[in-house]
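In the form predicted on its own, a lone chain appears below as structure tokens.
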């Protein structure tokens, strides 16, 4: 297992690192530790102020369609509250730029900072400066960080998502066969926790072999290229573990072009529309949601802090399983692949 200790230490502490390194089964203690930290009550008193509010949003990357939809969810939520301005920056996957972006947002007298990190550890110091200036910091989706530099989290449990995906794959495979895994960026909370969840589930199913673990960086083309190499390495692949739909569709294309699509069972992906359309057409895989409404939840949490309401360190945005037979209610066959199932009103939808 690849593990970036610095990242995970900032997220859940040394206990979490030790648990994941020691044995897959111990990874459950990571989830329990996160839930305990998430239930802590935040001291909102230093941040209380009256509106209207200026909200700064530091996006680690805006090239990812999930972030775009989550940002639109945030904007929709802002339209319902006393928010006068939302200022958005894009670090383009550059940790140094994200630091300077946050510094620039603080110079613009924002009242609240919401962020998607490129790397949790790299922004800790600048987030701490925001807190010292009376600006609460809220991490929006993608994972939970217990760092003192983050006041609160609106998070999606990568562990629970990975576990749900793995258990459905095991069920669909009948508990037998050879599996390859496609994970997001190596060392991120998403990659570490999804792999830990998969290994924990497989520990109870000795009939399934994890043959390879790869990292597709949430990129359809890269996942397809990696899968082409896997198909050359392995004359038999029975199952694919891939919680991210944009990588799942790339893998499916590689299997199809190699004439080997009929041999493989795909795990659920997420609400990436290209994947939903594939599921609707092929009747397998389904989806475990990675809700874009994490953006609106993050803003709700931030406004609660500014208003002095009781806030927990973490508010989980739950994932749900969608069976292939129900996927037609979510797939939009007329929308582009790079789209997400959403309840956004028309005026807040991203431009196609």
Partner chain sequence: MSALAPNRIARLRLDRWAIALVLVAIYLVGLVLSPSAFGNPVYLLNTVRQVTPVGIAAIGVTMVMIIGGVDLSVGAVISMTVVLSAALMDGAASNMPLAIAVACCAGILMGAINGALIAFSRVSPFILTLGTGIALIGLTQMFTGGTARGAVAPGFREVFNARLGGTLPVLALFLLGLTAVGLVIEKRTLLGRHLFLLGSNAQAARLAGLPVRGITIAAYTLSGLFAALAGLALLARSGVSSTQAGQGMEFQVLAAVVLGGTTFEGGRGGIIGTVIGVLVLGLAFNLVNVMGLPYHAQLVVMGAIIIAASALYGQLGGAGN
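Numbering follows the first chain given and starts at 1. Since this is a predicted model, take the numbers as computed values, not measurements. We call the rigid core whatever largest set of C-alpha positions still superposes within 1.5 Å between the two forms.
Same protein, other form: the form predicted in complex with its partner chain, not shown, and the subject of what follows.
Trainee: Which residue, 300, 307, 284, 64, has a heavy atom that falls within 4.5 Å of its partner chain in the predicted bound form?
Mentor: Result of the distance check: 64.
Trainee: Which of these residues, 100, 79, 229, 108, gets a heavy atom within 4.5 Å of its partner chain in the predicted bound form?
Mentor: Exactly one residue meets the criterion: 229.
Trainee: Please identify, from 154-162, 129-137, 67-75, 262-270, the stretch that has a heavy atom within 4.5 Å of its partner chain in the predicted bound form.
Mentor: Flagged stretch: 67-75.
Trainee: Do all of 236, 256 and 330 end up near its partner chain in the predicted bound form, with near meaning a heavy atom within 4.5 Å?
Mentor: No, the candidate spot makes no contact with its partner chain.
Trainee: Is there a non-hydrogen atom of residue 205 within 4.5 angstroms of a non-hydrogen atom of its partner chain in the predicted bound form?
Mentor: Heavy-atom contact with its partner chain at 4.5 Å: absent for residue 205.
Trainee: With the partner left out here, check for me: in the predicted bound form, does some heavy atom of residue 221 sit within 4.5 Å of its partner chain?
Mentor: Residue 221: yes, in contact with its partner chain in the predicted bound form.
Trainee: Considering only heavy atoms, tell me if residue 96 and its partner chain come within 4.5 Å of each other in the predicted bound form.
Mentor: Close contact is absent here: in the predicted bound form, residue 96 is far from its partner chain, nothing within 4.5 Å, heavy atoms only.
Trainee: Answer with yes or no whether residue 186 is in contact with its partner chain in the predicted bound form, where contact means some heavy atom within 4.5 Å.
Mentor: Although its partner chain is absent here, residue 186 would touch it in the predicted bound form, with heavy atoms inside 4.5 Å.
Trainee: In sequence order, which positions of 189-220 have a non-hydrogen atom within 4.5 Å of its partner chain in the predicted bound form?
Mentor: Going through 189-220 in order - heavy atoms within 4.5 Å of its partner chain in the predicted bound form - the hits are 214, 215, 220.
Trainee: Is it true that residue 219 shifts between this form and the one not shown by 2 Å or more at the Cα, once the core is aligned?
Mentor: Superposed on the core, residue 219 moves its C-alpha 2 Å or more between this form and the one not shown.
Trainee: My question is whether residue 128 is one of the residues whose C-alpha shifts by 2 Å or more between this form and the one not shown, given a fit on the rigid core.
Mentor: It does not reach a 2 Å shift.
Trainee: Taking the rigid core as reference, does residue 188 move its C-alpha 2 Å or further between this form and the one not shown?
Mentor: Result for residue 188: yes, a 2 Å-plus shift.
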